[in-house]
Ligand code: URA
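Taking the form predicted alone, here's one chain by itself in structure tokens.
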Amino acid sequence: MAQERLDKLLASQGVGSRKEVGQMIRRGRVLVNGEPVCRPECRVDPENSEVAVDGKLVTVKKYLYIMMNKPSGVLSASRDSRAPTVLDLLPDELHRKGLFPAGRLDKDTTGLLIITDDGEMAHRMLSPKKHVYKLYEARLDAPATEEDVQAFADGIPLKDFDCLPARLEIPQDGDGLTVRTEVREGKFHQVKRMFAARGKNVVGLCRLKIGKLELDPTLKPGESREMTAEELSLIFS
């Protein structure tokens, strides 16, 4: 790791917000290599420095994994000059260089989104060869049929590529307008295009699961939190 500001480093590790961490540093509660550091802007090398807060060592995590309940109207991007992005919604304590959304959701699509700085993990999760299915709930403008279920299972042919086989479930007690589909690709507007190829428009789309990882129901739209190691393993289990 390159050198980082002390306040930003501690905030990225969940010690507190940048403001709270700055106050801790100024009050002498933070030691670097056993010596008090009173300037929040002081730069440290996380790999070769021992940082302690109130006598407790801070273990710096190489990568950060964040679960977000993405709201509608926000871009799945690291930055954009024209519209708010999912990174703009992160609280101060989760801000960190190199973060990006692992797999994009359309601007009007909601639900489970993972934000990380681990490119290798993101590649594993998104590669169709890894067979990590993503579960979506879709609201349609026309009822889905058993013919649609079979078409999804066979693989929907689109203009520029043929979709891999996907699962489509029509709840028995529903009206056929709210359905669930699992895909292991994530190409641009893919789920919407698959339904459009069957003569249906998607009027609402929410991602519920990635692998066996489910969206935390306690997260309100726009909220996020750090993931546990167990949750991370559920993606690939």
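Start at 1 with the first residue shown and count on from there. Quantities reported herein were computed from a predicted structural model and do not represent experimental measurements.
There is also a form predicted together with the named molecule; it is not shown, and the following applies to it.
Verify the flagged residues Leu105, Thr109 and Leu205 against the named molecule in the model of the complex: is each one within 4.5 Å by a non-hydrogen atom? Yes, the whole trio is in contact, each within 4.5 Å by some heavy atom.
Any idea which of 57 to 65, 42 to 50, 191 to 199, 165 to 173 reaches within 4.5 Å of the named molecule in the model of the complex, heavy atoms considered? That would be 191 to 199.
Taking the shortest heavy atom distance, is Phe100 within 4.5 Å of the named molecule in the model of the complex? Close contact is absent here: in the model of the complex, Phe100 is far from the named molecule, nothing within 4.5 Å, heavy atoms only.
I'd like to check something about Phe152: if you look in the model of the complex, is any of its heavy atoms closer than or equal to 4.5 Å to a heavy atom of the named molecule? No - in the model of the complex, heavy atoms of Phe152 and the named molecule never come within 4.5 Å of each other.
Within 4.5 Å of the named molecule in the model of the complex: residues from 119 to 148 (heavy atom criterion): Heavy-atom contacts within 4.5 Å come from Tyr136 alone.
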